[in-house]
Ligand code: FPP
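Let's start with one chain on its own, the form predicted alone, as structure tokens.
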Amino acid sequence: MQTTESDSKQQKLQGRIGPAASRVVEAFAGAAPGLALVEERIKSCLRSDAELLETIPHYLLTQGGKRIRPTLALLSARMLGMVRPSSELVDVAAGIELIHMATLLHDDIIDESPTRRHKRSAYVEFGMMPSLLAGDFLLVRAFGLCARLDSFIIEETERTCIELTEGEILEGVLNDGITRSFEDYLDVVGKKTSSLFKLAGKVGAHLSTSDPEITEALGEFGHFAGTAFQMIDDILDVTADEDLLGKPAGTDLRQRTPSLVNIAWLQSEDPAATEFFASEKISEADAKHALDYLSQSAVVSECREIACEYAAKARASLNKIKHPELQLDTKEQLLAIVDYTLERCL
């Protein structure tokens, strides 16, 4: 029997240990009918007279991915009574994923990343300029979808895209004499990662209820869930292997990225951290030594505690929502996604 992409995704999740893994399979299963519609809407947006503008997004799309952002939008609306996703919800969920795809293309160019999800990155496969233009193409397609909707969605999507750009510029790198505070980190993550999670929660709520407090609460949930998600990615860059990451471990160290782990290491006043980031050039041997050192350090334990705090904030935001049509099973599925995010690094 042929295995579908959805089946494959669920099998991989079930193969990961931990109680949240089976619950998150239920979450993706609950969103599956809507995700199928979103996937078709995305594919319909990839048509172009320029062959590469079709080829590159399809290449990225077939690499897989969790589709966690459109899933959050679909489940947020479902939790509030929208059992069947409306055409508007499918449009905005597809738009959110198109924006995310564009950021992946642009990120690989900025990072000069050789791989993504175990395959050659589009940047390596097709070159910088075609990948850059394909990312721009996806952003325009996303705006085309969202521009058909009401002013709230248009304004929130515009704000999110501005924040994504600001976050990329503000992130910078850690060099000799250049440090970042935890507050700086939260600001960048809030713009660069959490903003799309926040948008997903807000539009799901907005399209299924007219209550602005619930819309804000689900946006807050998305913000904290996205922050925890990025924190876990930062930790996994140190503790996980290439098989789980889909790219070489220690990328944040080699590129001096102001990740949660790197900032915490510098703030620990460990002389090894100061010396490492002050180096004119980081060799592979230096990066491997730092990776081995950090993976067993108290720094990683501290970062795990911080990630748990932000996951708890996401749960608290969701738990304060009161609605007459609140679907408790879907609420539990949203919570399961947060729990599984944590489970990946604990």
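One-based numbering along the sequence shown. Computed from a prediction, not measured in an experiment: that's the story for all the values here.
Beyond the structure shown, there is the form predicted together with this ligand, which is absent from this document and is the topic of what follows.
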### Summary
Checking Q230, S131, T215, S121 against this ligand in the model of the complex, the residue with a non-hydrogen atom inside 4.5 angstroms turns out to be Q230
## Note on the structure
Picking from R141, K198, R116, H206, the single residue whose non-hydrogen atoms come within 4.5 angstroms of this ligand in the model of the complex is R116
### Query
Taking R23, L335 and T341 as a possible spot, do all three reach this ligand in the model of the complex with a heavy atom inside 4.5 Å?
no
### Task
Could you tell me which stretch in 206 to 214, 89 to 97, 187 to 195, 147 to 155 has residues with non-hydrogen atoms within 4.5 Å of this ligand in the model of the complex?
187 to 195
### Query
Is A102 close enough to touch this ligand in the model of the complex, meaning at least one heavy atom pair within 4.5 Å?
yes
#### Entry: Contact flag, D270 vs this ligand in the model of the complex, heavy atom cut 4.5 Å
no
### Message
Whether N175 contacts this ligand in the model of the complex should be assessed with a 4.5 Å heavy atom distance threshold; does it?
### Response
no
#### Entry: is_contact(D107, this ligand) in the model of the complex, heavy atom dist at most 4.5 Å
yes
### Query
Of 154 to 175, which residues get within 4.5 Å of this ligand in the model of the complex if you count heavy atoms?
C161, L164, T165, E168
